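Given next are two forms of a protein chain, the same chain in both, each as structure tokens and marked structure 1 or structure 2.
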Structure 1
């Protein structure tokens, strides 16, 4: 573990990074007990509050867990796929909400990643994935469906397409793209979108996946990406041209 801290930069962040790197490299294996707070203070030559802040950062990332008692302390966590999945969604949501990336950049990345799943999904999808996609298309067609529920259904449709690839690494990578980016895209474009057009593209995708035709599904995703970006441009232009309310 690198215990040399730089003069610039928050000390607790540097300590958390050093411990995290040791966990990732395997120097601190799963269930290993970390050095005590006193030992960490000595190693890094910092105060106890600084060490505690570093440990809080690691705990917030689910990298460590803290146990009380005589045999307690901080231990390296065994991170489950579900926990990593949720963390990916949270991180992506924060980045988007803080406007760290533009809508067009997020949209481009989101559909490029999903297109990477199409061939595998066409090959590996099972009856449950197809049934979910069909059920969501039917749900989206219901009169009176609220925008919020349409968004939920939209996410569920694309989640089924991604999970149909049968690759948990791709599912993890796309967790943020689908479940963080998709709601944001819907929130920005819902006032301008044509549900019938989206449903038509979803139907084309589902038909192609069922027919094991990745080329058609991919082409429809390209169309859906272009349509979403155009909607965002239209909404932005409409807002710019909207006259300000008089006082």
Structure 2
């Protein structure tokens, strides 16, 4: 670990950066224990609160975990795909909510990325992925299902579709796109008729995946994309006509 800090910005920031660099460069391998806070104070010649603020920054990025007790301390975290998923979902969600991204733009991105997976998924999906997709379709067909549950199931369906590609990097990238869309999707209250349409398209996709037919799977995903955007248009149009009802 390099204890020579660049003379720029606040101390806690500099220390956090120095440790982060050591982690990224591999100088501090996964599960390695960092020096205790007291030792870090000596190394960097700063007080303990300053060191702690630096460590909290790293903890917020899941780069380290801290344990109390005799054998406690700060340890380098392995950034798991699970944690990366979560981070990406929250980042994507904030990005969409803070930058007034239109539904069309987000939707286009989502389906474009998802189309990148279907060909691979049609080739490689195993029985589990297919079973999950069928199960979610069945869940979506149940009459009493709330809108929220329907959307959850929708996400699960597409997640299985993406995971079928068997590429964890792809799954990680898609997680943000798909899940961050959910709040926007929830704004569209599906009617029973809409649900029937969507379930039909899901079934077509599942059939194509089962038949290992990438072309049909891709085509039906394009249909679903167009239909979703059309739905959004209809909703926003009806809201413009009846603005008083759009509370």
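Rigid core here is just the name for the largest C-alpha set that superposes within 1.5 Å across the two forms. Numbering follows the first chain given and starts at 1. Predicted, not measured: the structure shown is a model, and the values here were computed from it.
Between the two isolated copies of the chain, the first is the form predicted alone.
Relative to the superposed core, residue 75 undergoes a Cα shift of 2 Å or more between structures 1 and 2. With the core superposed, residue 230 shows a C-alpha displacement below 2 Å between structures 1 and 2. The Cα position of residue 54 changes by 7.1 Å between structures 1 and 2 once both are aligned on the rigid core.
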